[in-house]
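Next comes just one chain, in structure tokens: the form predicted alone.
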């Protein structure tokens, strides 16, 4: 084979390999990207799916930022405060020489559906004053094959006097038949009545309020009926708290149990290890009824010693029933067995006890395994649904994030408001992605080292 032929085959092989990797990347990352983009859209069920929509256009980012600053002095989250004024310009194409008559209204529209519809919040229509649309310019134009004019209008929305902070100011703009909206300071949220009505959910949204509209709604609309606090934020903090506690308890108990099974010699060690392996093969659905009854009874009545009748609907019950998993003990045992015994023998000669050897010598050498175990435990607890669904039933303030997302589906899915559900689902993935990106080196090392026994 001549050198040119060898080089051609080498490049062809590389092209195949990278092509396959790219195809796998698109296959696995594609749904993730589609879900994220759909969570930004005002209508996530839009079909056919498009990658170019209002929330990803830089022109709208700048407009939303500016309008948010004009309306409330907050260019990020927008809204409207007393004494402020917002100016919006739109341009319509019409073949007629006479300017089209536009009808603008501030509708009395609920701030949200589902949970958001339960709360009474101020309507912008009761407080703001709309001026316009006022014709400010007219110029000849061509739209496709049609000759006509582009008419520019200006609308002023003022908030005189005193009043509450308005989270949003909706606007409907109706044009006569034949007039076509070709430009606006901020693209409308949707078109209604066969395109004659351009509708804005908020003319002063702010940058984050416009691009991440559904995410902002998730935090604002899901509020507690008693306290008015954001339930979505509470659920997120609950999941974070339980995940961190579970990681801490797993690292401590899995390390101690794994070290005892790997290094210490005591009667029944093999039987205990076999029992642990057996427990890994039993699905949680088999034992959840007995575990439920134990928690309901306060762990055989022991909780009554502390004045607690039952451990259901408490974080203590959830934590105590999952202090450490058999799989975590198994991983740490396998890793400790890969560490040379000479290290511990040197510590023993220096007079160290088994606990001192574990905490001062072995654990500092076990960073990869501990890192991998932390990520796996955090991910498992963060996404855990079934057992919290059994233990935590009321009130809603104690839900974890997966349980809260289930209530999202019940509250918003029935009215077809999928944007907020998508936003909540995507947001729940973010902490795990950040954790994995930050500690992926430890994760890969820990899994590979723990899988090999010297």
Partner chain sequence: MRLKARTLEALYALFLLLPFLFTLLVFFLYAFLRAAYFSFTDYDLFSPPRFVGVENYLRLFREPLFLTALKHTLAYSLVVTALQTLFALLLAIALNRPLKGITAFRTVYYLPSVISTAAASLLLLWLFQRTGLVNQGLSFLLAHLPHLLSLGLLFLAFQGAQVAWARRRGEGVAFFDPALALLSLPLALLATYALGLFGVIGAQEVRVEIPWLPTTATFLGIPYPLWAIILMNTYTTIPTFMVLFLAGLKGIPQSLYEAAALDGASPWVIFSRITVPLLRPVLFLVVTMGLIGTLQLFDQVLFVGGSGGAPLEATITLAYYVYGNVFPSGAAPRVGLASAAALFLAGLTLLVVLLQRRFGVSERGWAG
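Positions refer to the first chain, counted from 1. No experiment lies behind these values; they were computed from the predicted model shown.
The discussion below concerns the form predicted together with its partner chain, not included here.
For residue 55, is any heavy atom within 4.5 Å of its partner chain in the predicted complex, or not?
Output for residue 55 is no: heavy atoms all beyond 4.5 Å of its partner chain.
Is residue 329 close enough to touch its partner chain in the predicted complex, meaning at least one heavy atom pair within 4.5 Å?
So residue 329 counts as contacting its partner chain.
Just to confirm, residue 259 within 4.5 Å of its partner chain in the predicted complex by heavy atoms?
Yes, residue 259 sits close enough to its partner chain in the predicted complex that at least one of its heavy atoms falls within 4.5 Å.
Does at least one non-hydrogen atom of residue 194 fall within 4.5 angstroms of its partner chain in the predicted complex?
Residue 194: no, not in contact with its partner chain in the predicted complex.
So in the predicted complex, are 219, 230 and 313 all sitting within 4.5 Å of its partner chain, heavy atoms only?
No.
For the interface check, one of 351 to 359, 366 to 374, 152 to 160, 92 to 100 should have non-hydrogen atoms within 4.5 Å of its partner chain in the predicted complex; which one?
The contacting stretch here is 351 to 359.
Heavy atom within 4.5 Å of its partner chain in the predicted complex: which of 136, 264, 225, 305?
Spelling it out, the residue with a heavy atom inside the cut-off is 264.
Using a 4.5 Å heavy atom cut-off, which residue among 398, 406, 42, 70 comes into contact with its partner chain in the predicted complex?
Of the listed residues, the single hit is 406.
From first to last in sequence, which residues of 264 to 282 have any non-hydrogen atom within 4.5 angstroms of its partner chain in the predicted complex?
The stretch touches the partner through 264, 265, 266, 267, 272, 275, 276, 278, 279, 281, 282.
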